[in-house]
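Form predicted on its own, single chain, as structure tokens, below.
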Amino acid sequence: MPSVDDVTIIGGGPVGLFGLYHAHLRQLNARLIDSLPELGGQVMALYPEKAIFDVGGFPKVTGRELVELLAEQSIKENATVCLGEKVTDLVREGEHWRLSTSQGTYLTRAVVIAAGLGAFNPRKLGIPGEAELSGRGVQYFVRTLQALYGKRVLVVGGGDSAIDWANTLIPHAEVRVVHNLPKWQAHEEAVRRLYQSGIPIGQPWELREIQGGDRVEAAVIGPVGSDRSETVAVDEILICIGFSTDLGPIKGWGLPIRAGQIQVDWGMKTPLDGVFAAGDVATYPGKTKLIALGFGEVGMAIDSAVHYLFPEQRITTKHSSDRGF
């Protein structure tokens, strides 16, 4: 019979990684599984070079730095990390859960789902030239910030991601922003910094066409609702208008899902015995999607898992200073 883990964490983003740390704190044998080939989840896939400002203790930290520090903090001797494996099924077998993945099967006594938003794909504008020049100047997230230094960059969008990228690039590139709505969706302070920079801002303006040969050369932009247009020379176009998400196989596991999130109670418990959820994938009244909040949620999920695994024990709060790690 294969070995049985105490807890398996599905998802290798910041919340899943911090769950490994809590499992170590609780002296559980833990396994983390993620479908991506590297740790970090959405943070590493979408904005490894973008600064994050709302994690306690870090006035400013890039996504890559945060993931590296979390991995150093969380991956201990009693943890197993499986990357490039997509969990396809979750089935109860006696006292255990059997997880089927693209690489094999695992038995576990408890499960913590920290899968973020699930699989995600960038939303696209569907305008002339977009598909043809995708990957050749048209991009939807930044993998390497320095690749944009010294370039003429058009940022499309008005949410936090678009404005944060614009503000990050302004000292290093020739930046222009267009947003097709009359109101910004980004934080007020970020918008204030954008206007303070003095860069060209079109709002409500839209990107209508992307021109170029082997690479992007120009963009046709104009005011929403007007026939007036302007062609501007650009080297790179960063389209930040959101992502469509899909929980994939998780939707077939018998969990209560609302608006793409798993409903949990105050202890991060789902209606399935021994199955918990935390981070962006979990929802409850008053839920706010923040990395910092996800850290607290996954700690609660691990504590609930310990209570489930060892109901005879009195579960008390554990502090790292009590144990020396």
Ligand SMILES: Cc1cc2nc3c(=O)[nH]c(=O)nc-3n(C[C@H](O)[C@H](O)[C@H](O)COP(=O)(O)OP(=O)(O)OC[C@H]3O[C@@H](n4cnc5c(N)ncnc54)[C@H](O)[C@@H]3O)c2cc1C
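Rigid core (definition): largest C-alpha set, two forms, superposition within 1.5 Å. Note that this is a predicted model, so its numbers are computed, not measured. We number the residues from 1 along the sequence you see.
Although not depicted, the form predicted together with this ligand is the subject of the following passage.
- The stretch in contact with this ligand in the model of the complex, judged by heavy atoms within 4.5 Å, is 288 to 296, chosen from 254 to 262, 267 to 275, 22 to 30, 288 to 296.
- Contact between residue 81 and this ligand in the model of the complex is not found at the 4.5 Å heavy atom cutoff.
- This ligand in the model of the complex comes within 4.5 Å of no heavy atom belonging to residue 306.
- At a distance threshold of 4.5 angstroms between non-hydrogen atoms, residue 177 is out of contact with this ligand in the model of the complex.
- Within this chain, residue 85 lines the site of this ligand in the model of the complex, having a heavy atom no more than 4.5 Å away.
- Checking 129, 157, 137, 116 against this ligand in the model of the complex, a heavy atom within 4.5 Å turns up for just one residue: 116.
- Residues from 16 to 37 that approach this ligand in the model of the complex with a non-hydrogen atom closer than or equal to 4.5 Å are 16, 33, 34, 35, 36, in the order they occur in the chain.
- Comparing the forms between this form and the one not shown, the C-alpha position of residue 243 differs by 2 angstroms or more, with the core used for superposition.
- Once both forms are overlaid on the rigid core, the distance between the two CA positions of residue 87 between this form and the one not shown is under 2 angstroms.
- After superposition on the rigid core, the Cα of residue 141 moves by 2 Å or more between this form and the one not shown.
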